[in-house]
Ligand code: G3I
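The chain below stands alone, shown as structure tokens; this is the form predicted on its own.
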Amino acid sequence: MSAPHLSRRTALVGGLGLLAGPACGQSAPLLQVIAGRKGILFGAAIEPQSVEGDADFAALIARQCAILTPENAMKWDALRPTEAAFDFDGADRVAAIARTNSVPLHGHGLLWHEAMPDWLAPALRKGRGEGLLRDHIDTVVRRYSGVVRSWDVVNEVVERNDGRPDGLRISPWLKALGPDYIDIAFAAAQTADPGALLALSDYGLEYDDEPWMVEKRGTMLALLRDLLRRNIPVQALALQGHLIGDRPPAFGSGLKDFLDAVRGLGLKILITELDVSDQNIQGSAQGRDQIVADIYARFLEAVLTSGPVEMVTTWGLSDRYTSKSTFFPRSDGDGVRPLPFDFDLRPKAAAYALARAFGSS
């Protein structure tokens, strides 16, 4: 397993894995150092404007993260305002933040059925899909070669509810190119940067007591086996890890067996979008934080004790900047609290739960 790339400043201050809290003087766990001792890259998804416009948040990101993910800046709708032109402004700014912090990026993502610019679906219907896909991936991956350590090459391709025998999502890409769009994407990414780790990313694989997730695990394993049998260069499964606060944390033998089966195919495991929604948890902020922390702990205990994990990234780092405020707000008007650090950048119970999970794995 590759060792994390720690910034020089972090290496100097991180000997004990602790750093004074940003707002209240309490000791905060230095997550990238604690995870790094076990060969795990810890990081978070970011928007460039949040880091550039908030020096305190930028300092927290620099202290805590050994890898960064562009939350939206590398999606098609951000990079391709028109068919004829790329706009790399946001992605370049994320890459610049990574260079400043001396850390790599996890690229997200090269192909998805959402975040598509308005011109793309009509172009796919006109039969230009393969050329567009190959050119897009080649251009983007080559531009960030040496900065992006790993890529979500294809994102969320399994949807059993769509009724196909192979379980593939009936997306604009599948309609345009058939199942071969997955092969095309991975082959193009490998050609553009043979040194990058190439992952297939999906959600809904975490809970042992959710029948549709258990069934999706079987479909995912069948897909991965088929891709590898045909020498498609998939190298990792990116398990997103969007967890739910108001349901039992059922992460047990089924999840471990699934991850064992994935590793048995010779694939690496990445956790790439980890958070815990507290949208429907009742009670005080402190009580909700304890529930969220327990879910983080139970999930990571199951995943990390099942075998090696290359990286763990949270979908944001602080409640100050979380997309759940927009997409999953609380009905009581209170702020959502899904991440390890609170709105004031102070460590929450979840930060300590992460530290303990990394320390004991």
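The first residue of the sequence shown is number 1, and the count goes up from there. Computed from a predicted model, the values in this text were never measured in an experiment.
One more form of this protein, predicted together with the ligand, exists but is not displayed; see below.
*Asks:* Which of 54-62, 319-327, 29-37, 300-308 has heavy atoms within 4.5 Å of the ligand in the predicted bound form?
*Replies:* Single hit among the candidates: 319-327.
*Asks:* Suppose contact means a heavy atom within 4.5 Å; in the predicted bound form, does that hold for all of S277, D294 and R337 with the ligand?
*Replies:* No, because S277, D294 and R337 lack any heavy atom that approaches the ligand to within 4.5 Å in the predicted bound form.
*Asks:* Sort through S102, T139, Q290, N72 and report the residue having a heavy atom within 4.5 Å of the ligand in the predicted bound form.
*Replies:* Looking at the other structure, the residue within range turns out to be N72.
*Asks:* Find the only residue in L132, A250, A261, A115 having a heavy atom within 4.5 Å of the ligand in the predicted bound form.
*Replies:* For this set of options, the contacting one is A115.
*Asks:* When the contact criterion is heavy atoms within 4.5 Å, does E156 count as touching the ligand in the predicted bound form?
*Replies:* Answer yes; at least one heavy atom of E156 falls within 4.5 Å of the ligand in the predicted bound form.
*Asks:* So in the predicted bound form, is the ligand close enough to E273 to count as touching (4.5 Å, heavy atoms)?
*Replies:* Judged by the heavy-atom cut-off of 4.5 Å, E273 is in contact with the ligand in the predicted bound form.
*Asks:* In the predicted bound form, is there a heavy atom of the ligand that lies within 4.5 Å of any heavy atom of R128, even though the partner is absent here?
*Replies:* Outside the cut-off, so no.
*Asks:* Tell me, yes or no, whether K175 is in contact with the ligand in the predicted bound form, where a contact means a heavy atom of each within 4.5 Å.
*Replies:* Although the ligand is absent here, K175 would stay clear of it in the predicted bound form, with no heavy atoms inside 4.5 Å.
*Asks:* If you look in the predicted bound form, which residues in 38-55 sit within 4.5 Å of the ligand (heavy atoms)?
*Replies:* Contacting residue: only E47.
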